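Just the one chain here, laid out as structure tokens, in the form predicted alone.
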Amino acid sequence: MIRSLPNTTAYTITYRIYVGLFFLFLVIPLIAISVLAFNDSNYIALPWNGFTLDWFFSATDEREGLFADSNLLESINTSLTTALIVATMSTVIGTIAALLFEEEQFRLKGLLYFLALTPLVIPGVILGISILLSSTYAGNLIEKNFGVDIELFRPSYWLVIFGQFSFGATYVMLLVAARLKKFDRSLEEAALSLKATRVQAIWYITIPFLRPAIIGAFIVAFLLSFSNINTTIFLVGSDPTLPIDLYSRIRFSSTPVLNAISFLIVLIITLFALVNFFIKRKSDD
């Protein structure tokens, strides 16, 4: 809707109904799964049988809650540590890439930029399969010729990190580059004219300007890593991440503990989204 143009009453009502229905479509499943996390029932869906916290704290044979399930807690810890490592690596490399592509002129820049965007174009399933096949071939080649078994080249914790980093860094690069386009280059030039080195100008002038975008990009990379399944499922070893663990559980059995962990994920993502929103809002003011 363009506010500066006159609109009929019917158009305004239709527009508001559409927006309301759109957000209801997005929010209702999240509300439903959050409410059912407290349902006093042994089944994952309705009917509602009353309020309970058993699916969070119970430790009986009949009901094993989220915080009593050691395997589930281990998968949560794996996802958190993986997401933290991936987000940190992606933020550092992605920020450096954004600075290089936006500030420097070098040969094959267009081709390299296109290659940097390929993880976003290629489906996650294809990306996971290609990384698995490439790493397996490289690992077999090294083991055959040198007799060395390198864990990174077979499905493992570190291969998951490498696979998620391959697309996480691209997201960071794009988010930081968007902020960098608003940067006033004369500030760097002033610092250079005052005998600052190139590195000093970037560290003391450019990076503080990019800080809101860097923090936001870190949060995005963290959430992408934490919730990824289509790439991770081909690279995971004996330490499953939370999405992989949930997928394997729901294939064979399902209890409301899945609702409980889903509720916590929704809560965590909402908090991260709010932090990112307020950081972006503060940077725009």
Partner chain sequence: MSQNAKLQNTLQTTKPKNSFNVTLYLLIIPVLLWLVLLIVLPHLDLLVSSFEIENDDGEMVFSLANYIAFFKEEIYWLTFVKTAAYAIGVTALAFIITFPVAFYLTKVISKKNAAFFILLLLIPLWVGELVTVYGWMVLLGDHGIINHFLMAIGIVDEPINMLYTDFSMIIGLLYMSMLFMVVPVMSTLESLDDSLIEAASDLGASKWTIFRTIIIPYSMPGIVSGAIIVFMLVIGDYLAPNILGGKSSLWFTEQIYNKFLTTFNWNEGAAFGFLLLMLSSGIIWLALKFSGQKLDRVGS
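Between two forms, the rigid core is defined as the largest C-alpha subset superposing within 1.5 Å. Residue numbers count along the first chain shown, from 1. Note that the coordinates shown come from a computational prediction; the quantities given were computed from them, not determined experimentally.
FYI, the form predicted together with the partner chain isn't displayed, but the following is about it.
*Any chance P123 has a heavy atom within 4.5 Å of the partner chain in the model of the complex?*
P123: yes, in contact with the partner chain in the model of the complex.
*Hey, in the model of the complex, is S41 touching the partner chain, heavy atoms inside 4.5 Å?*
No, no contact at 4.5 Å.
*Though only this chain appears here, would T170 touch the partner chain in the model of the complex if you measure heavy atom gaps against 4.5 Å?*
Close contact exists here: in the model of the complex, T170 approaches the partner chain to within 4.5 Å, heavy atoms only.
_Contact flag, P119 vs the partner chain in the model of the complex, heavy atom cut 4.5 Å_ = It does: once the partner chain is placed as it appears in the model of the complex, P119 has a heavy atom within 4.5 Å of it.
*in the model of the complex, do F114, S130 and L246 all put a heavy atom within 4.5 Å of the partner chain?*
Checking in the model of the complex: F114, S130 and L246 are all within 4.5 Å of the partner chain.
*May I ask you to list the residues of 21 to 35 that have any heavy atom within 4.5 angstroms of the partner chain in the model of the complex, in sequence order?*
Heavy-atom contacts within 4.5 Å come from F22, F23, F25, L26, V27, I28, P29, L30, A32, I33.
*Relative to the superposed rigid core, does the CA atom of S262 travel 2 Å or more between this form and the one not shown?*
It does not reach a 2 Å shift.
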